[in-house]
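Form predicted on its own, single chain, as structure tokens, below.
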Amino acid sequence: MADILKERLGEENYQKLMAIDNPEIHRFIAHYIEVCEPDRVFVCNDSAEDVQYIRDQAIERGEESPLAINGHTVHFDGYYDQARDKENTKFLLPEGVDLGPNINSIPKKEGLEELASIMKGIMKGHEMFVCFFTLGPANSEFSIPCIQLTDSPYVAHSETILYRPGYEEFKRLGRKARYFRFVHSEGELINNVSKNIDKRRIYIDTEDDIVYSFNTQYGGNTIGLKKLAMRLAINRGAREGWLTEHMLIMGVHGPDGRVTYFTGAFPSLCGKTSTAMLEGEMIIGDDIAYLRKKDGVVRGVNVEKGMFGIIMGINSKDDPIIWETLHRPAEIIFSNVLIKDGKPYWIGMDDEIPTEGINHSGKWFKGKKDKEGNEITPSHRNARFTVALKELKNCDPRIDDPEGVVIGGIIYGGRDSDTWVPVEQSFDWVHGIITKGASLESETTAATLGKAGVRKFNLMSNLDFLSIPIGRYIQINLDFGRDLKKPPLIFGVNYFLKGKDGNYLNAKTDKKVWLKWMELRVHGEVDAIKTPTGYIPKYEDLKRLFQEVLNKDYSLDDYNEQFKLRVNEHLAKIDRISEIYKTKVFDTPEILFKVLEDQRQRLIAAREKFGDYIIPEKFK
């Protein structure tokens, strides 16, 4: 092993690696050098010079190109490599292990044999980058050290923006390190993009804490520490009694300078980023949180230090902080946008989009079609930007706190046109986990996902990333709330409720009011109305908050229309959710059915007394 490393790394890189006293790590790296056969190997020690070398290589190799504003670059993925490959993302399962029918898997022996044939010599002609990171703040019990092997300088560059440096952490931990490992190769390239996407594979081994990703460049498939690491962490947390959640973490300002921290889970296109980025509040993270119980309270950290955000629809009115950041000098990677004269353009921005330029399809012009006859949009709908959170003016100074922040509330939000009210608090932890988190649905939109209005079940917004059976995941969430001196309050929000005319009943900015009400509820400073489905705000409290927060009048008619209980719609939702858990989840905890049935009976009783649609006044 030592001979292989000395020969292939060269003296400088060899010494950098040997400074980490962990022979297991040395064997891991030596093995994949032998298997993947890179021409060169670079070990990053997180010095400014080493990080700059990775940035420079991304440009020299053509995986990124500089743009007009200093620090901005653009990366293009292959035309058919623009999103997470769910079909070829599989768990490697040992014999006798079953995660249930909802989780894509392959027998471990079969998967490793397939990978062996794909990996052999896949990095010939390339340089392997050996990078060290931590998921979460350094020197924290929350955090997990990680090693990324990749032959893509774009992937390595992205991770230096998104994740905290880990080389010194590995040196500190030495042989005590419990770490995740990621092996990625973009494979053979044509025009600087992965050529053999028919052999695109993303295989996850939770038994050995390793992820393999080959013949792809798209970040969701290749940036190992993102959703791929999330699967490993869900599995580890399930064994150790802590949670890995697909959640934002944000601080909401209350009276007298108080800041209360919330986490929030929202499926795609349901308001997650816009909530995390609310002007006047503080962001710690927009995507993934680790949660632990400490001294009777829940604490959380953002495992990332950057944002890999969808850029479609970002504009100066709805997203002023991100918009400002994207238009000044900073280290930012734009991916799969349109470029004209060194400037990026994307769907839904303020500026008029040119009729020609360069995008993920190559030279682009308005009306250009792909080989299937589909018109090619100027930027891809999944186009992204990668930026450090500290570039945002609302970044919370406690983002790197190794103790995490105390979580006062947990929010679950979906796209729902006719059932949930804009904001509602659950009765207790169990009621919240089951009726808000485990019952989360989101309606598809015509603009992005084909047929509109189809309800997609997505418990806790985490369905795609589970590495344990669904029922066990729900039970772990239920158990997590036990023995807490002060459990976070659980809320459901819905920014997409519509009236009979099909128009939204709330403005985009109204979410600021819902957050302020939730913050006051966490501290017991406003009362609420108890309904069959949870606690809702009183009109007089919302009227005051709308005036204070938005300088806006709020009418009783609007309140009654937004917060009336839609009994039949709730009953239909209970039927849908119960059917899913009865027929598609083999290990559903029995308490889930009991909580849903109890809610059903409360709704039926309310309907018998007040009718199908019940205004809040009736419950006072």
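For every residue, the number given is its place in the sequence shown, counted from 1. Note that this is a predicted model, so its numbers are computed, not measured.
One more form of this protein exists, namely the form predicted in complex with sulfopyruvate; it is left out here, but the text below deals with it.
- Item | Contact residue in the model of the complex, from 287, 81, 209, 541 (heavy atom within 4.5 Å of sulfopyruvate) | Selected option: 287.
- Message: Please tell me which of 179, 308, 364, 429 lies within 4.5 Å of sulfopyruvate in the model of the complex, judged by heavy atoms.
- Response: Result of the distance check: 308.
- Task: Answer yes or no: in the model of the complex, does sulfopyruvate come within 4.5 Å of a heavy atom in every one of 218, 226 and 246?
- Result: Verified in the model of the complex; spot residues all in contact, yes.
- Query: Using heavy atoms and a 4.5 Å limit, would one call residue 516 a contact residue for sulfopyruvate in the model of the complex?
  - Reply: Looking in the model of the complex, residue contacts with sulfopyruvate do not include residue 516, since no heavy atom lies within 4.5 Å.
- Query: So in the model of the complex, does residue 384 come within 4.5 Å of sulfopyruvate, heavy atom to heavy atom?
  - Reply: Taking the distances in the model of the complex, the answer for residue 384 is yes, it comes within 4.5 Å of sulfopyruvate.
- Query: So which stretch, 226-234, 365-373, 412-420, 70-78, is the one near sulfopyruvate in the model of the complex (non-hydrogen atoms, 4.5 Å)?
  - Reply: Only one stretch qualifies here: 226-234.
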